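Here we start with a single chain on its own, the form predicted on its own, put down as structure tokens.
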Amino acid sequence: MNDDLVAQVRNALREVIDPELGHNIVDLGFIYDITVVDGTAHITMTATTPGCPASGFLKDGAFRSASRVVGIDSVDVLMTFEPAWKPSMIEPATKALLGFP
């Protein structure tokens, strides 16, 4: 696994903004895992709920953002709801901006 490429993919994913919450999917805690093997970025992510209408938008955004990273030849995005997302997964600074305790 290439830690530098993983960090670059994580930074690229910060470009994807959740349309409802108005913050990026990394800081919101939607990204569960990123690995890069042989030029393929494998991203495991979630959304707020299984019925979230933005799920497809977020998944497509993650695919497009990761695809633009130099050294990434292909991207595999897995959307999962296990474990279920909860507000405690939000980065502290973003949580404060959203008004969560």
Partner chain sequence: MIGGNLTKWTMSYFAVAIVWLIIGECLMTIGFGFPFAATEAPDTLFVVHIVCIGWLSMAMCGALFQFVPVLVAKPLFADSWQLPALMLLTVGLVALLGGFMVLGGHLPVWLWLLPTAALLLVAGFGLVVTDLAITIWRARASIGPAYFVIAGLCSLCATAALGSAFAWSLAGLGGASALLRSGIPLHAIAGLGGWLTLTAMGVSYRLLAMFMLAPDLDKRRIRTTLFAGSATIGLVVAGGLFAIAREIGINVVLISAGCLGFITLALYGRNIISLYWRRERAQLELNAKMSAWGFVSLAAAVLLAAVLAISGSFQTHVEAFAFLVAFGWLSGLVLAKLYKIVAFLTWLETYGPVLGRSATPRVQDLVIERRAAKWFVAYFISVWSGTAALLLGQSAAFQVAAFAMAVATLGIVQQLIRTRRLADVTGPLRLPGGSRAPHLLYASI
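Residue numbers count along the first chain shown, from 1. The shown structure was predicted, so the numbers you read here are calculated from the model rather than taken from an experiment.
Another form exists, predicted in complex with its partner chain; not displayed. Remarks below refer to it.
**Message:** Even though the partner isn't displayed, in the predicted complex is T35 close enough to its partner chain, meaning a heavy atom within 4.5 Å?
**Reply:** Contact check for T35: no, nothing within 4.5 Å of its partner chain in the predicted complex.
**Prompt:** Is there a non-hydrogen atom of L58 within 4.5 angstroms of a non-hydrogen atom of its partner chain in the predicted complex?
**Reply:** Yes, L58 is a contact residue.
**Prompt:** Counting only non-hydrogen atoms and a 4.5 angstroms cut-off, does E91 reach its partner chain in the predicted complex?
**Reply:** Taking the distances in the predicted complex, the answer for E91 is no, it never comes within 4.5 Å of its partner chain.
**Prompt:** Does at least one non-hydrogen atom of A54 fall within 4.5 angstroms of its partner chain in the predicted complex?
**Reply:** Residue-level check for A54: yes, a contact with its partner chain.
**Asked** Heavy atom within 4.5 Å of its partner chain in the predicted complex: which residues of 78 to 94 qualify?
**Response** If the 4.5 Å heavy-atom criterion is applied to its partner chain in the predicted complex, 78 to 94 yields M79, F81, W85, P87.
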